[in-house]
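What follows is one chain in structure tokens, specifically the form predicted alone.
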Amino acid sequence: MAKVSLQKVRITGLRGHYKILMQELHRWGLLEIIEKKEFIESSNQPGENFFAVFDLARLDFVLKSLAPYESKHDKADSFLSGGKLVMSEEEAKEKLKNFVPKSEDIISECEQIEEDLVRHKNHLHRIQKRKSIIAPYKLFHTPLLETFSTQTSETRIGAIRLLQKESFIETISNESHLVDLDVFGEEDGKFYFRITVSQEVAPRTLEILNSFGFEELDVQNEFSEFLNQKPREIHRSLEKEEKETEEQLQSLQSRREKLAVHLNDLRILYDYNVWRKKKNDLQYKILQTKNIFAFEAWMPERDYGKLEKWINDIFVGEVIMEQVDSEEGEVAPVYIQNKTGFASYEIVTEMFGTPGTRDIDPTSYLAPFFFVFFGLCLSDVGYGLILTFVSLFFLLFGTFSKSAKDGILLLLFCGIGATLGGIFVGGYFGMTAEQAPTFLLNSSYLAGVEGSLPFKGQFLDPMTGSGPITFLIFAIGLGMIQLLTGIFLDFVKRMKNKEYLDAFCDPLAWFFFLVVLCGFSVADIVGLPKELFKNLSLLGAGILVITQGRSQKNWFLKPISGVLGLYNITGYVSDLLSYSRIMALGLSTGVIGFAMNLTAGILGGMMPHPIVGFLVAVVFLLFGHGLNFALSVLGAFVHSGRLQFIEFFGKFFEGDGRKFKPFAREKKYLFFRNP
């Protein structure tokens, strides 16, 4: 099995060795340290604050601020390493040693630049707003004053909606002849004017202005520092200030771009400080006194001897590691590790959950089914080859962590599966035999042999004749195999957990009944003795009637519960029908691809010139097949996963375990290569 056996250990030692030990344990990443209440309460020494130099939030802020200005060379390297810096641990330590003395100055400078940028941007926005306010008044040749009113007259400048211009002029003219109106601009759906009236009619004039939604220029609040200056002079001053502010912003941007050369050093610093913080936080969960420290942890049993030898060699009896039994009710974490190839499918398992202590790891069992189901759902050689070659490119030329490599390897397997699925059903970018190049076609098809399939290696044509039904039956058959596998794994799981009676009465009884029922269903087709399978089916049903009611204490209810237990066959039928989605998705990939090809041909033929038609067709094909590829890959992955999570896992897998999380150096930006 892929579940790695874990051992609980206790490590006790002299306080002086604590730092060295924890540093090495952190680097090895073998132990998951247990938070033990008794140890925490008994600790009488305050922890040392190893994390008082840098604030991770500051570092993260600076990294995000400088990231857009990263050099193209660094971006290219990052692309082929999953966004990580590839170097040896010694190189990282040397870079960190050289960078730390100046890091605070760089971080502070970047923070100051960001603060100045925000302030200058806000100031620029304010200037531009004031420019937009004063711009329509540039033809007003009088200097701005706090008030334009005199003892005998009142003057206002402002704007009204342009649609109301004629109505306003007519209304104000009819009100009094003691009105002087000067329109000096029309802009953005408004007209701007000065109006001067006698003090006698000023109140009535103000009422009219308000009724038309008059927007008066607020000189005192908006332009108080520009009093006694004409609007055009104010506008020129604002333009000058705007230019100066933009230059200051450009200067700040240039300074920030120059700081981007320190991005990689800041990333190294970030990871190292994350590690320091983790060690700092952990010390408060460990028993520490003036002279000793102690803690308990889970670790892989296979690594116990190696770690014990290292501790004995380094600390010569002053640090001791011993095996301890788990406490009553204590549940160990679960650590799964599969061989190369199967390990990439752990991603699928972990999407559902971690195997519990009673579970078996389903990864190696789901792998072949997921491979086949994804391939049949995508079922296109072209799309499969794209996935395959892209994945191969990253695997061959990239440098990635193990988890990232497993993810890329899973995509590679998916690409290979899709390629084989495409060959199986003759899927090549949705092309028909007439559209496909000759080298893809069967010689017998080209020779006109009746009943021959068009493409080389093709087993069925899901688009013609009985092809869809054959594809559906094939998908249902694969589903039956997976369901039976799940039921058998439930039997294995129960036997492993010493639930012998339940193992024989539930999963094994159902396995026998479903197998002979399948035999009875296909007996005529494959030439099996139908009468024999009929009798075996009746025997299987009888076994279920006898065993399914065994949990009932009332003897009268036992046979009734057994008969009702046969109703569970509908659940298996429902699960089986879910596998029809394999056929549906497999057909949709080819149908949508064919539709894209057909549409591209029609659009190209509608163009006035053959070259233009060719270009339009190519652009549409790239867009259409790109969209179909993305949606089909997503659909194939999601629905293949769903068949595992619901139909397969539902038979034997609970996934209620807690994942083993060792005290290890989690690298967000770094990837250490071997020296």
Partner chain sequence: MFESGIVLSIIGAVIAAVLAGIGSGIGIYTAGSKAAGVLSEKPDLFGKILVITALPGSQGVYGLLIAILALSKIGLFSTTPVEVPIEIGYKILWAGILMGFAGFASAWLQGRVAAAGIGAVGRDESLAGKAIVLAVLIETYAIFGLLVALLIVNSIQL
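Numbering follows the first chain given and starts at 1. No experiment lies behind these values; they were computed from the predicted model shown.
Beyond the structure shown, there is the form predicted in complex with its partner chain, which is absent from this document and is the topic of what follows.
Student: So which of L517, I172, L453, L472 gets a non-hydrogen atom within 4.5 Å of its partner chain in the predicted complex?
Tutor: Filtering the options by heavy-atom distance leaves L472.
Student: Only one of K285, H120, R130, R581 comes within 4.5 Å of its partner chain in the predicted complex by heavy atoms, so just point that one out.
Tutor: For this set of options, the contacting one is R581.
Student: Determine whether any heavy atom of L631 comes within 4.5 Å of a heavy atom of its partner chain in the predicted complex, and answer yes or no.
Tutor: Contact with its partner chain, yes.
Student: Given that the partner is absent here, does I481 sit within 4.5 Å of its partner chain in the predicted complex, heavy atoms only?
Tutor: No, I481 is distant from the partner.
Student: Indicate whether L366 is a 4.5 Å heavy atom neighbour of its partner chain in the predicted complex.
Tutor: The answer is no: L366 has no heavy atom within 4.5 Å of its partner chain.
Student: Report yes if any heavy atom of F504 sits within 4.5 Å of a heavy atom of its partner chain in the predicted complex; otherwise report no.
Tutor: No, F504 is distant from the partner.
Student: Any idea which of 95 to 103, 412 to 420, 147 to 155, 349 to 357 reaches within 4.5 Å of its partner chain in the predicted complex, heavy atoms considered?
Tutor: So the stretch in question is 349 to 357.
Student: If you look in the predicted complex, which residues in 620 to 658 sit within 4.5 Å of its partner chain (heavy atoms)?
Tutor: Sequence-ordered list: L631, L634, V638, H639, R642, F645, I646.
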